[in-house]
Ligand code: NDP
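Below you'll find only one chain, the form predicted alone, shown as structure tokens.
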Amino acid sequence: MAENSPSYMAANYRAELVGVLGDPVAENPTGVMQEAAFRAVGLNWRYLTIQVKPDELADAIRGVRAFGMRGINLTIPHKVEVMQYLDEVAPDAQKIGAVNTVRRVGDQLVGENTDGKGFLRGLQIDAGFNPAGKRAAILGAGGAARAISTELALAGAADLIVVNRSHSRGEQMVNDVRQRTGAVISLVPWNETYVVPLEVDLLVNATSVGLCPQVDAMPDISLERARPDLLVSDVVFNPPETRLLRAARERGLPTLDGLSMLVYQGVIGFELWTGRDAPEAVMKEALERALGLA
């Protein structure tokens, strides 16, 4: 075929790029889910899983710009730090104080937060739990904890308890969420085993404790005084059944694993990047297969 023939000139071998920046990130299966979605709707897009050390984040964002990437996800430890390198941060992400998704708008990088929305959707759809009027305890004060606390507050939770080892970081998050949402929220120092009180309706592990490869790790908590219908949720998605969730199930408590949040936040991210409806069932099936659940 001649090089100047119309069919040759029409060929386009350039894939659009998105990805995730984190440290650690090798065990993050988001790319499997997103690439399955791209194939399902016929998009020539690729999802890159990229390890970025904390002191390399500024350079990594320059790389995102240079490569013309259509968007990125941020995971531990970059969700707060990344905000200073973006052109704009969406109002809800500003309210949360963390960004887990970036989308390109022209030459601008715009920060979004789909973590809390994904968690809330999973809470309501997969667990059948309405947080309005309920009390929740959140372990941790990082980006995921900020997003989840904010969305729970906006959904009408009556009382939020943040349990964190660093008092200064925990107090800053509590003050931020209170100021931005009007939530009734308090900090409990995590200096010893946290005994989940009877009045708590929802416990959320928003830390990375239990994440692969430390699969035998468990947050330092006790469920001995927990109410019999306490919902125990874990944002850790690899493995989906963490030691915390196993302990909860052994006590007969309902649970919600991290796959739920991962799928729903991924669905929202896909739609932000592509402007298309996400093939939700395809994404969930791809994740379950990757993690040996299907």
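Note that residue numbering follows the sequence shown and begins at 1. Please read these numbers as outputs of a predicted model, since none were measured by experiment.
Missing here is the form predicted in complex with the ligand; even so, the following discussion is about that form.
Residue contact check for residue 37: none of its heavy atoms lie within 4.5 Å of the ligand in the predicted complex. Looking at residue 47, you'd find every heavy atom of it more than 4.5 angstroms from the ligand in the predicted complex. At the 4.5 Å threshold, heavy atoms of residue 141 reach the ligand in the predicted complex. Within 4.5 Å of any heavy atom of the ligand in the predicted complex lies no heavy atom of residue 178. Across the options 152-160, 83-91, 121-129, 207-215, residues that bring heavy atoms within 4.5 Å of the ligand in the predicted complex belong to 207-215. In the predicted complex, the residues of 212-250 lying within 4.5 Å of the ligand by at least one heavy atom are, in order, 235, 236, 237.
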